[in-house]
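Only one chain is included here, represented as structure tokens and corresponding to the form predicted on its own.
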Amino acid sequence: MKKRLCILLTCTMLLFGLMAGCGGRQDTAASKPIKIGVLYSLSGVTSVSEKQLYDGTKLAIEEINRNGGINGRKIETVFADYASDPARAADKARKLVLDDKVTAIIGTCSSSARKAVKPVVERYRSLLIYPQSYEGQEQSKNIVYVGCIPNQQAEIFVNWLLKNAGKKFFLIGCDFVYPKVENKLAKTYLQKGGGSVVGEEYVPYGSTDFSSVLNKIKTSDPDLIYSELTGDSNVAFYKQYSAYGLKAPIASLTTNETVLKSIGISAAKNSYICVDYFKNVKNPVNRKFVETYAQKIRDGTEPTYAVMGGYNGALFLAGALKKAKNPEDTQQVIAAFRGLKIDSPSGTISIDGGNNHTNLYCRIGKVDEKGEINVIYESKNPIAPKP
């Protein structure tokens, strides 16, 4: 009887031990962080633009974790700096997927970098959340596109300018994919709308000497300058254009509140900007976001459409992770994006399940005498993407 009792007690203790062990493993799995790759350039020629995307992504992930994470699990970010080199972006993305085992990647900025990462995420059945506005000539089931594309931005902008600012356009941009495709599309919109192109110029990325371009602009006598200059080139052009004494307004797809600070009021006033988000968008979510940005990002910058792209990208990803049964199964996460909706500082926006692009607002602003952007056009509803 004593032997039997000892055996029974031993078996019971072993059973409880096994149950406790299993429970411990379940608790550990349920509390294990979800790994997400963050892929931006904080060095190199595109770092000024990408820092804004990075800040937006960082703010959103901090907010998500502060509010309980993904069904109680924190997001753990694995950061990689590709130093403005598209080839390095592909290598870093491959490492994030294969070595770091991330569920998804948020990042890249230029179209060249995105195109370099695209075959990586497609080959390894991973996911890229691309936060930047781009030329719209692409679709992939392994990429979610969060920024504006031409039918949500450039097409509306050109038609508005034709009605309100003039018919003769001088096109200028940096010499890479986005400006060239945007200007090709602009010429189509102008032809349909009765406008004309009186000049077209491209400069290497980072160029800051526009003396020869300014002479061409003066000779061609445009009604306005249609610009996709970026980075340091954007700031230098505005300043030199103003100093040269030219009067036709500049209309830009790439200028924002932070860039305006560098340009200065005298060179920026009366210019036009078309994006999906300005910091003075009037809704309670945005008021809170602008306050948080000022408290957290203490570098003298302003919340911009680029910041908002990074922020929205992380919010969308969090929504998909929560919706997926297994947030570490990338295929389930990809499927969870279809029709996903978020309440963003830019308004309530959603993912188009047919093409993985985002339904976004279009807003046109004009810079006033104080250097502030006054919104003079805003779409009533988000515009469906047509890549």
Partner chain sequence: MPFNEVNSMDSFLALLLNGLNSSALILLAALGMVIICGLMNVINLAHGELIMVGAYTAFSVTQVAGLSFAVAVPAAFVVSAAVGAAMELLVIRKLTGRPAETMLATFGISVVLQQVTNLIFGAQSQYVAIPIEGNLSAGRVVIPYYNIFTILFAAAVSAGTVLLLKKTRFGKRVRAITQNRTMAECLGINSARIDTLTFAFGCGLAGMAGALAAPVKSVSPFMGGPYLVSSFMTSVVGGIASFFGTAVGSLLVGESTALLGGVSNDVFASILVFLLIIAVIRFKPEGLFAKERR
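Every value quoted in this text rests on a predicted model; they were computed, and no experiment measured them. Numbering follows the first chain given and starts at 1.
Keep in mind that the form predicted in complex with its partner chain is missing from the display, and what follows is about it.
For the three residues Val213, Lys216 and Asp232, a heavy atom within 4.5 Å of its partner chain turns up in the predicted complex in every case.
Looking at Ser47, you'd find a heavy atom of it within 4.5 angstroms of its partner chain in the predicted complex. Though the partner is left out of this view, Asp299 does reach within 4.5 Å of its partner chain in the predicted complex, counting heavy atoms only.
Interface residue remark: Asp175 is counted as part of the site for its partner chain in the predicted complex, having a heavy atom within 4.5 Å. Taking the partner from the other structure, its partner chain in the predicted complex has no heavy atom within 4.5 Å of any heavy atom of Phe79. Residues placing heavy atoms within 4.5 Å of its partner chain in the predicted complex fall in a single listed stretch, namely 262 to 270, out of 115 to 123, 262 to 270, 186 to 194, 129 to 137.
Checked against its partner chain in the predicted complex, the residues Arg88, Lys239, Arg94, Lys279 give one hit for a heavy atom within 4.5 Å, which is Lys239.
Though its partner chain is absent from this view, in the predicted complex it lies within 4.5 Å of a heavy atom of just one residue from Ser31, Ser43, Gln331, Thr348, which is Ser43.
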